[in-house]
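What follows is one chain in structure tokens, specifically the form predicted alone.
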């Protein structure tokens, strides 16, 4: 493959990746947003996190599994409680990892 095509592909991918992030920051910096926009934007991180987690929890092998055989769903419930109670990212991740390890050791 021609080296210039590879280079242009990499440059194009970089532009597509960074322009949607940089342009809003440049256009909106220093401006006050309407309160409803700020409130709407505050939900974006939780929504993205839920969209990333849901397929792994509900469809661990590619098909919907909400039974008691789904270890990840079983572990998610106490892990969510730990996250809600202690509001610690690293504590939540550690509890989730330990529970998955214990579940794999004792249940499988």
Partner chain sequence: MKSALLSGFRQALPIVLGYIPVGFAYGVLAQKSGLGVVNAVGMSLIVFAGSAQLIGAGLFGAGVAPLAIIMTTFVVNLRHLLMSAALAPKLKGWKKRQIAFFGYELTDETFALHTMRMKGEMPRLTETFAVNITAQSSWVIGSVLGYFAGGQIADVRPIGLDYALPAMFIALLVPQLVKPVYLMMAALAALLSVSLFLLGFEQFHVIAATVIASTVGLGVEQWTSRSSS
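Positions refer to the first chain, counted from 1. Just so you know, these numbers come straight off a predicted model, no measurement behind them.
A second form of this protein, the form predicted in complex with the partner chain, is not displayed here; the remarks below concern that form.
For residue 107, no non-hydrogen atom is located within 4.5 Å of the partner chain in the predicted bound form, even though that partner is not displayed. Residue 67 falls outside the set of residues with a heavy atom inside 4.5 Å of the partner chain in the predicted bound form. Within 4.5 angstroms of the partner chain in the predicted bound form, the stretch 63-95 places a non-hydrogen atom from each of 63, 64, 72, 75, 76, 79, 80, 83, 84, 89, 90, 92, 93, 94, taken in sequence order.
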